[in-house]
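A single chain comes next, written as structure tokens; it is the form predicted on its own.
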């Protein structure tokens, strides 16, 4: 087995290539820049394209255009960059454009601390678009997750024709681990589906027994209409309430009703445990240490590490918390995802542990709250 040192950003770049990504556009920003640097080394020799743009808004726009032309595309930024892109994200959602967006989170607000990690963008990623339609957000814990979840992200973008976010974190992105990339789990590659032949092409007509339209690239032999306005199946702007409602309900349904198919998580459930620690991202490493220590000490707890954050994997959370009395939610912010847990687990006592000062949450602090 050939082991090499990779950081999380390295793994994301290589996974994107393995998933079929051939277009990357971005603007340098700490701590996401090494994704751009890696893509610059990987893609051009393989016939791909990498562009450094004048800002993050342009980067997102270039990626949207490349995806509309049929390429698998990705961009990467951090909190200040993602804050600029709300309009472009909304366009990708409303026009059902496959796209992978990496947000390597750093401590905010505003430009904050460029070299300090946090999970402060969790709610913004979900709700930072006009209209509030759902997006898919995956959250890696380590370098292995960065690789595997990036491949899943491209597949999900293709299957559901939507933007998919990877909610990384400075500590994950820039921590080097010794791994063998070739040995990592990699899902089969999925490409967007073509529309059925034999009839007129309707760009937003769902495929049979699906809520997702078939795809044809712009610039081909068939005219493809795209618009950022409300539209019908033919791609023309509409103000008809029934037509608008049908389209919006389908775009909402195509992701929300499928969440159980991509509820990625790590679940360590101990028989008889009365407390469940629920966490995500880099904090999961400290939570794992607490789980192991308390099990060794004869005072076991259960642990659930979410790797799909949005849509909220409600069934997964409910099932794993079913037999405990108390759930401790640990996240590197002032309380963003805990509200979703409280909503899902109305019959449980939910305790929050948060921290937003540029430091990682320590195992000792988690253990103190878990035993409290």
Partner chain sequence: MDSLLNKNRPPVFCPGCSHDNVLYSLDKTFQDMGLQGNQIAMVSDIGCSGLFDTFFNTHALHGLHGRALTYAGGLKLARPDLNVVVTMGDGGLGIGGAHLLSACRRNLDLTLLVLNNFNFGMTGGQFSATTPPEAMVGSGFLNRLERPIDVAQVAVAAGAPFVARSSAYQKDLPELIEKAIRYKGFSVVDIWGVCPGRYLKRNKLTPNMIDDALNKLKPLNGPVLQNMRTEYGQSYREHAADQKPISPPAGIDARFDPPKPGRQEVVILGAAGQRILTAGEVLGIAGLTAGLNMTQKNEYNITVLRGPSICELILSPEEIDYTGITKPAAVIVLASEGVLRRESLINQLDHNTVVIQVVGVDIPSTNARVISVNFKGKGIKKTDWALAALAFLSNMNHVLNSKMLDAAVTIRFKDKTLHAVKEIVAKATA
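Positions refer to the first chain, counted from 1. Predicted model, so just to flag it, every value in this text is computed and none were measured.
Although it is not shown, the form predicted in complex with its partner chain is what the next lines describe.
Proximity to its partner chain in the predicted complex, single hit among 144, 250, 126, 192 (heavy atom within 4.5 Å)
The residue from 144, 250, 126, 192 that makes the contact is 144.
Can you work out which of 229, 239, 197, 296 has a heavy atom no more than 4.5 Å from its partner chain in the predicted complex?
Only one option qualifies, and that one is 229.
Select, from the options 340-348, 314-322, 301-309, 60-68, the stretch whose residues sit within 4.5 angstroms of its partner chain in the predicted complex by heavy atom distance.
Residues of 60-68 come within 4.5 Å of the partner.
Although the partner isn't part of this model, could you tell me whether residue 262 comes within 4.5 Å of its partner chain in the predicted complex, counting any heavy atom of the residue?
Answer no; every heavy atom of residue 262 is more than 4.5 Å from its partner chain in the predicted complex.
Even though its partner chain is not shown here, does residue 178 get within 4.5 Å of it in the predicted complex, heavy atoms only?
Yes, residue 178 lies within 4.5 Å of its partner chain in the predicted complex.
Distance check, residue 91 to its partner chain in the predicted complex, heavy atom within 4.5 Å:
Close contact exists here: in the predicted complex, residue 91 approaches its partner chain to within 4.5 Å, heavy atoms only.
Closest heavy atom of residue 353 to its partner chain in the predicted complex, within 4.5 Å or not?
No.
Do all of 28, 122 and 367 end up near its partner chain in the predicted complex, with near meaning a heavy atom within 4.5 Å?
No, the whole trio is out of contact, none within 4.5 Å by any heavy atom.
Taking its partner chain in the predicted complex, which residues of 350-372 have any heavy atom within 4.5 Å of it?
Contacting residues: 360, 361, 362, 363.
Considering a change of 3 Å or more, are the Cα atoms of residue 63 and residue 182 closer or farther in the predicted complex than here?
Residues separate in the predicted complex, at least 3 Å farther apart.
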